[in-house]
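This document starts with one chain, in the form predicted on its own, laid out as C-alpha cells.
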C-alpha cells in the first residue's frame, strides 16, 4: 500500500505565555495514494492547520509526518502538492491564462523539476476552454474557482489539498463543481484531501470521511464510504445508505463540538 500522507503522533500548535498550545494533538492518519479523503470538523479543530502542515506552510511541534514518501519540504520542492483555498486568490490585473501560469513566473528556477506550460490544456480540463483571455471580474464565482484548480494542477502534483474551495458558492453551482471535481479526480488519478463544513458534500465526494474534534484537534470518526458507492466512486445523495452515512457523520460532529 502506497501512502500519500502518513502522520504519527502529530502535534501542531504555537507558543504562549503559559507554554505550548496544541491545535492538533497526537494525530495518527494514513492516506492511501489515489484516494479522495474528506475532512469534517467544527471551527478550530485543526482542519486547515493540518493541510498547511502537509503543504509545508506550517511546521509541527511534535510527532512525524511524511508526504509522498518524504518530508513535507521535499514534497514542496518537487511541487508534489497543489493547494486550492476557499478564496480563488486570482490577480485581477492578469488574464485567466496568466493567472493559471503564475507558478511559471514565480520560482520556476528554484524548483527541483521543470514545469511545462500546460495552461490551455488545464483550462480545457476544468471546463474553461476559450476563456483564457478574460479577467477575473468577467468570471462567475464557480469559474474563478476552476481557474484556481487549474493553477494548482499546473505543476502536475500528486496530491491536491482543497480547503473549503466551494464554501462561498450557491448550492446549484456547488453541486455542479462537485461532479466536475470527481470527474477530474478520476481522470488524473491524483490524491485529494478535501476540507469542508458540509456533511452532504463530504459524503458525496469522499471515498473516506474523517471527523476531527476540537481542543485539541484529533480524529474521532473515520468512515470508509467505498461500499456505498459504485465502481466509479459515485452515489446518489438520496440513496438510503448515503443518507444514513450523513446521519452518522452528523452524530460524530455533535460529539466533536
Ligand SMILES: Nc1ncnc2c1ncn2[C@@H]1O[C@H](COP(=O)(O)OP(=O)(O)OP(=O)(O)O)[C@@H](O)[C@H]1O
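Take the two forms, find the largest set of C-alpha atoms that superpose within 1.5 Å, and that set is the rigid core. Residue numbers count along the first chain shown, from 1. Fair warning: this is a prediction, and the values are worked out from it, not measured in the lab.
What follows is about the form predicted in complex with this ligand, which we do not show.
Asks: Only one of 44-52, 27-35, 220-228, 203-211 gets a heavy atom within 4.5 Å of this ligand in the predicted complex; which is it?
Replies: Correct option: 44-52.
Asks: Taking this ligand as it sits in the predicted complex, is residue 180 near enough to touch it, meaning that at least one heavy atom pair lies within 4.5 angstroms?
Replies: Outside the cut-off, so no.
Asks: Please run the contact check for residue 175 against this ligand in the predicted complex: heavy atoms, 4.5 angstroms, yes or no?
Replies: No - in the predicted complex, heavy atoms of residue 175 and this ligand never come within 4.5 Å of each other.
Asks: Applying a 4.5 Å heavy atom distance criterion, does residue 59 contact this ligand in the predicted complex?
Replies: Outside the cut-off, so no.
Asks: Residue-level question: is residue 242 within 4.5 Å of this ligand in the predicted complex, judged on heavy atoms?
Replies: No.
Asks: Spell it out for me: taking this ligand in the predicted complex, does every residue among 14, 23 and 164 have a heavy atom no farther than 4.5 Å from it?
Replies: The answer is yes: all three residues contact the partner (heavy atom, 4.5 Å cut-off).
Asks: At 4.5 Å, heavy atom to heavy atom, what parts of 175-204 sit next to this ligand in the predicted complex? List them in sequence order, or say none.
Replies: Just 197.
Asks: Superposing on the rigid core, does the Cα of residue 20 end up 2 Å or more away between this form and the one not shown?
Replies: It does shift by 2 Å or more.
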